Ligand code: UFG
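Shown below, as structure tokens, is a lone chain in the form predicted on its own; questions about how it binds or moves come after it.
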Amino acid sequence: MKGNSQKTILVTGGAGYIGSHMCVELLQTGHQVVVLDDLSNSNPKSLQAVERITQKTLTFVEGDIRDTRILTNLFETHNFSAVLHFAGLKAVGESVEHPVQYYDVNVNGTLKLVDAMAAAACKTLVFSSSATVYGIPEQMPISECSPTAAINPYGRSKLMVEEVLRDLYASDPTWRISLLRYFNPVGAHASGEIGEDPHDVPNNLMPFISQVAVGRRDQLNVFGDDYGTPDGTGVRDYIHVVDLAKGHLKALQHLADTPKLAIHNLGTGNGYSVMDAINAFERASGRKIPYQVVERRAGDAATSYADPRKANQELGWQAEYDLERMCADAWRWQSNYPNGFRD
């Protein structure tokens, strides 16, 4: 993966929010890209936008990560040097209501994927994990050595996949595996052509704020203002989605050196409160964000932010964009496409 030598990369879930930004970075660094996505929470227009941004083409295959026939055909057709695995379900609340579906897609889907990879002797994998594997942290900041204690089926499904991949590497140390634990991806590409486009009611703060600002929703619910934080609202580590995508490129380069299993947090190391995010978005959009304070949600931590030093030191990566830039880019995307890709 070093230099500009062109590689063919499979991006599962590549039409989604993070996956589409990843495709831009891969194409711009000279890689060939094949996307597998079932479009259950994404839109093929995102990939058309990726091609417009980069002035390059990619290959799109519509299909389910659990479909062994599709996977076998993909690996027989293409000589993949690596897989970036974003495909999965990702809503905490929905995972509580439909846990079996989450384990089937996230865990079983990954099992099918690594089987197909092994059969094709493609043993380089970057897995999209999550800071939810840490549960409610006892100490700040959260390092890779912090205890894992996921408290919902979504987080547990990510942790289960991590355990599967650890066991896979232990059984066959020729694998090159990166587990990237994201904090809170926000923002959009600077072009304003791709961004976060949830199909239903947004589960995360920033797209909800964006939809309030653009007039799609009346007001934001702030879940609790009585936490032990400077302004009483929950504090999170928000990371620009482009910074996140660039972290994956660094992870791929890191895996090129030697077979290994590596774990890295991807976050800024800064904590921003809900009110910080609202105020920054008001500045970016020039619009007032109406909100009401409601009861806390069960299982929400007061504060959660990363210790990103390991990624800084081992990957040579660090987040570049601050909250102001995250909000400005998110607003550019949302104002260009008030109804997302349905516009």
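What you see is a predicted model, and the numbers here were worked out from it, not measured in a lab. The numbering used is simple: start at 1 and walk along the sequence shown.
As for the form predicted together with the ligand, it is not shown, yet the points below apply to it.
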Open item on the list: Within 4.5 angstroms, counting heavy atoms, which one of the listed stretches 111-119, 257-265, 124-132, 163-171 is next to the ligand in the predicted complex?
Closed with: 124-132
Task: 283, 297, 56, 310 - the one with a heavy atom within 4.5 Å of the ligand in the predicted complex - done: 297
TODO: Name the single residue among 175, 80, 103, 182 that comes within 4.5 Å of the ligand in the predicted complex, judging by heavy atoms.
DONE: 182
Task: Contact of residue 234 with the ligand in the predicted complex (heavy atom, 4.5 Å) - done: yes
Open item on the list: Against the ligand in the predicted complex, would residue 33 count as a contact residue? Criterion: heavy atoms within 4.5 Å.
Closed with: no
- [ ] Examine residue 245 and determine whether its closest non-hydrogen atom to the ligand in the predicted complex is within 4.5 angstroms.
- [x] no
Open item on the list: Quick check on residue 270: any heavy atom within 4.5 Å of the ligand in the predicted complex?
Closed with: no
Task: in the predicted complex, residues of 268-282 near the ligand [heavy atom within 4.5 Å] - done: 274
